[in-house]
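Just the one chain here, the form predicted alone, laid out as structure tokens.
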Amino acid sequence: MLASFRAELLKIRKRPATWVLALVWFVLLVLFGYVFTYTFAANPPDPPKDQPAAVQQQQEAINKQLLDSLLPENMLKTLFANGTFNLGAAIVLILGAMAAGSEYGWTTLKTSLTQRPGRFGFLSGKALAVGVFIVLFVLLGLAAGAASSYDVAYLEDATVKWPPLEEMARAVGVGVLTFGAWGFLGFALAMLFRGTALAIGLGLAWALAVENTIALLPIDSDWWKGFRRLTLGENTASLGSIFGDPNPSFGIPAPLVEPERAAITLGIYVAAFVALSLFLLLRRDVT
């Protein structure tokens, strides 16, 4: 397993697509998490001349609230509670699918298994390597948030006050659970469909279209809410609420799941996706 793990680390690290995904993740977080919000809040459009003073004061208060949310002390709430970190779900889903499915496209799976790692060791090493890169992507996201929030504090001449160290450690755990669930979803889909194209296509369709539709459908019933509590999107959003309630200015629905339950659910998803991948590899022909 260790040999397979080292080989997979080298393989993922040497792939240009890995670094392209990392760059896309960094740019997405900076732009949508900070640049666009700061540009809107710091340079609001001129109000209409006939706008009531009360409305103008309310808009100024909202802009002030948005600016405050971008400061370092509120970094974790901006990244997780406001859903910014969930932008990386599609990125790590692609990463997991590429790591698991490329062997089929390259027709190297049979060759790899003849080098004596065994199917269990082969898949375990591959999954561990994906987990390492998931952690690295989480750290990259936190670094991007820290750099962006520091820049906002510098531009606003505000005091730089970072979240406590234990909160930062908790943020790493929340990020790993969030990215782990989506990354190993792509991993399992690639093993199921024996390739990357269909796995990435269906995974992105679920992550970007189906999950968002489920969250926004105005169905007020207990069975529907119970179904939503089981979805990946709802649990990743609810887990982020451990750092505070989402900013009402972003129109994010209130979470349905307690953060502790969401963490357990996402952990079960990770274990289930890895177990499914192992079952498929053990039970099916590799060609």
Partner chain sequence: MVAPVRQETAEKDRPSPLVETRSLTKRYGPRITAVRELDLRVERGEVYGFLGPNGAGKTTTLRMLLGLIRPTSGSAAVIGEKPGSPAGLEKIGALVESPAFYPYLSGRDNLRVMARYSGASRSRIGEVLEQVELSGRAKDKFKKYSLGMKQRLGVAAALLKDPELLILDEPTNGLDPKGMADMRGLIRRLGKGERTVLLSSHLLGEVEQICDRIGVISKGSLVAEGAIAELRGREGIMVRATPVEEAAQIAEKLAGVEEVTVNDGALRLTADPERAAEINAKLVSAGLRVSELRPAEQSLEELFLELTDGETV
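Note that this is a predicted model, so its numbers are computed, not measured. Residue numbers count along the first chain shown, from 1.
The same protein also has a form predicted in complex with the partner chain, omitted here; what follows describes it.
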**Q.** Which of 100 to 108, 141 to 149, 179 to 187, 162 to 170 lines the interface with the partner chain in the predicted bound form (heavy atom within 4.5 Å)
**A.** 100 to 108
**Q.** Contact label in the predicted bound form: residue 122 to the partner chain, heavy atom within 4.5 Å
**A.** yes
(Q) I'd like to check something about residue 115: if you look in the predicted bound form, is any of its heavy atoms closer than or equal to 4.5 Å to a heavy atom of the partner chain? (A) yes
Q.
Please tell me whether any heavy atom belonging to residue 10 falls inside 4.5 Å of a heavy atom of the partner chain, as the geometry stands in the predicted bound form.
A. yes
